[in-house]
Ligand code: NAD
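First comes one chain, alone, set out as structure tokens in the form predicted on its own.
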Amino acid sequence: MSATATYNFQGKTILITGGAGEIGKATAHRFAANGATIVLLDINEIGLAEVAEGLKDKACGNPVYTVRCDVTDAKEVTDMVAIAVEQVGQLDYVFNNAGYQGAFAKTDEYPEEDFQKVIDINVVGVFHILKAAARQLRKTGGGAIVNMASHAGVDGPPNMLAYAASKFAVIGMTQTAAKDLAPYGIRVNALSPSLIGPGFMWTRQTELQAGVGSQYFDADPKVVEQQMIDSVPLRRLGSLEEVANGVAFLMSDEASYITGFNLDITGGQ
């Protein structure tokens, strides 16, 4: 997955949930540059508009569609996905990316309301999109879905109980959905980034880990940054562009025989 690898997505449409976030934006730019029509879905309408505006120069003359949607609402997801497909005319790929990192706390101190919120967005929301997208893709003979998981769902990190639980669940859903949907020509894979930055999510993670007061991390966020990077074999952060490259590969013809796979981007682990 070279940073310069290109795939032909001309004539294809991708729906990206969490489209107003950092990873959603980077992935939208990646696919737009390779000719795809982009449909961005998020609850953050202002963020959606900003991302859409920034895509104008890369959209290859294709329109960029934005849809306001709360992924935790099953009816809203079903209706909005159907409306988006009606507007665009087709759906080929879905990047099931909307998520919430949640609180950072020791297990016995983890706030119950936040745990529920993480599960509602990262598990129930992913399920809603997965189901609605699969129904649409079955109508048109297939396609590809990439669910956003995390290395936290492979090797649970300290102080992130809800997030780790949610991402383990996403990987499990991916494996089952891949088997269920393969007969209809729908490939389902997952992507599990580890430490990605710089950016809002990276800064938030280091600051909140520093504030927990656990044996695993220092109380100084700058020291936490180095502690985390030192845990990566390549001793560096992954980039948003590298995550987008992973999504592009899993959607591409080069991955046409891959389904039920979790691409774990961990810097060498």
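Everything numeric here is computed off the predicted structure, so don't read it as measured data. Heads up: residue numbers just count along the shown sequence, starting at 1.
One more form of this protein, predicted in complex with nicotinamide-adenine-dinucleotide, exists but is not displayed; see below.
Undergrad: Tell me, out of Ile229, Ala49, Val223, Met201, which residue has a non-hydrogen atom within 4.5 angstroms of nicotinamide-adenine-dinucleotide in the predicted bound form.
TA: Only one listed residue qualifies here, and that residue is Met201.
Undergrad: Please pick, from Ala190, Ala98, Ala144, Ala133, the one residue with any non-hydrogen atom lying within 4.5 angstroms of nicotinamide-adenine-dinucleotide in the predicted bound form.
TA: When nicotinamide-adenine-dinucleotide is considered in the predicted bound form, the option within 4.5 Å is Ala98.
Undergrad: Among the candidate stretches 105-113, 177-185, 162-170, 79-87, which one is within 4.5 Å of nicotinamide-adenine-dinucleotide in the predicted bound form when only heavy atoms are counted?
TA: Of the options given, it is 162-170.
Undergrad: For the spot marked by Val39, Asn62 and Leu137, is every residue within 4.5 Å of nicotinamide-adenine-dinucleotide in the predicted bound form through some heavy atom?
TA: Judged in the predicted bound form, none of Val39, Asn62 and Leu137 sits within 4.5 Å of nicotinamide-adenine-dinucleotide.
Undergrad: Consider Asn34 of the chain shown here, and say whether it contacts nicotinamide-adenine-dinucleotide in the predicted bound form, taking contact as heavy atoms within 4.5 Å.
TA: Although nicotinamide-adenine-dinucleotide is absent here, Asn34 would stay clear of it in the predicted bound form, with no heavy atoms inside 4.5 Å.
Undergrad: Residue-level question: is Glu207 within 4.5 Å of nicotinamide-adenine-dinucleotide in the predicted bound form, judged on heavy atoms?
TA: Looking in the predicted bound form, residue contacts with nicotinamide-adenine-dinucleotide do not include Glu207, since no heavy atom lies within 4.5 Å.
Undergrad: Is Val94 close enough to touch nicotinamide-adenine-dinucleotide in the predicted bound form, meaning at least one heavy atom pair within 4.5 Å?
TA: Although nicotinamide-adenine-dinucleotide is absent here, Val94 would stay clear of it in the predicted bound form, with no heavy atoms inside 4.5 Å.
Undergrad: Asp70 near nicotinamide-adenine-dinucleotide in the predicted bound form, any heavy atom under 4.5 Å?
TA: Judged by the heavy-atom cut-off of 4.5 Å, Asp70 is in contact with nicotinamide-adenine-dinucleotide in the predicted bound form.
Undergrad: From first to last in sequence, which residues of 135-151 have any non-hydrogen atom within 4.5 angstroms of nicotinamide-adenine-dinucleotide in the predicted bound form?
TA: The stretch touches the partner through Met148, Ala149, Ser150.
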